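Before any questions on binding or motion, here is one chain by itself as structure tokens, the form predicted alone.
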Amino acid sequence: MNHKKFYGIFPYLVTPLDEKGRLKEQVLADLVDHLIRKGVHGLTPLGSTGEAPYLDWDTKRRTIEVVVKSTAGRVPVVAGVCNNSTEGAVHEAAEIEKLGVDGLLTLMPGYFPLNDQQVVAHFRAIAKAVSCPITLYTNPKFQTWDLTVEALRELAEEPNILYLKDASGNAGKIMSIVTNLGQRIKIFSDTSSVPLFMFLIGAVGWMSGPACVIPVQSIELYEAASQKRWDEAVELQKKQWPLNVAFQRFSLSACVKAGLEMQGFPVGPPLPPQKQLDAEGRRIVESILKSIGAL
């Protein structure tokens, strides 16, 4: 199977929206171009930071069209598929692949509890519906399920399931995945785990909301880790960590959108029932971005 290898920094793109929830296409195109010029290795529209669970299908489709066109093949585009139902996710995956993406990030928000067999069946159905590479995404904070090592072993039977972004924060489980399946499924770090730890155990990159506002600093951390300059990487991680703490305290999308507004990208507010950062939140994020050198 010939495809671009995915590695490095993949910002989770915000979805710029006006007051009526309509996509701000030029703002999105400008953000894509800005991030590529800063040196990111790929882009991920419609992830958590992109508010995928809140968007209707027309907005999702148009978002991907704009990102693919603006990227113009310069870096891989790995687009999010976010749907509670297997039928809905299969439909989205097949339609998104037709739009010219390089891969899919598959996430399933939770509602009713699911066992391993149900989770495996869901992601297996998506994998069989497309030919492009798939990154599995698990984040138990937003789900009623998690990907176990056993479930991943079954899903690894699908030839196009090649990557995993694990946001469980469970270091023991992630070590078990790397130990048992590290030769078969490559790992991306998430935002809330320490990327440095993930790089240390072999992660190939970092899919990250914060990378929208600190792309250069994220790349510096990745490159230091890739070159095993661990002391430098530790200091870079420490410098960036307050931003992640702020993102955990406030809404991720609201924080990233506020930061981008400060940098001159009029991306608009997050969709309700989310809310914009209040004055205190904006002050905290602005102070952190200045200390990191991103403002």
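Position 1 is the first residue in the sequence shown; the rest follow in order. Keep in mind it's a predicted model, so treat the numbers as computed, not measured.
We do not show the form predicted in complex with a further copy of the same chain, though everything after this point is about it.
- With the partner omitted here, the stretch from 23-31, 36-44, 62-70, 264-272 that lies within 4.5 Å of a further copy of the same chain by heavy atoms in the predicted complex is 264-272.
- The shortest heavy atom separation between D58 and a further copy of the same chain in the predicted complex exceeds 4.5 Å.
- Using a 4.5 angstroms threshold between heavy atoms, V178 counts as touching a further copy of the same chain in the predicted complex.
- Of the heavy atoms in P109, some are within 4.5 Å of a further copy of the same chain in the predicted complex.
- In the predicted complex, a further copy of the same chain sits within 4.5 Å of a heavy atom belonging to L252.
- Although a further copy of the same chain is not shown here, in the predicted complex the stretch 219-235 places heavy atoms of K228, W230, D231, V234 within 4.5 Å of it, in sequence order.
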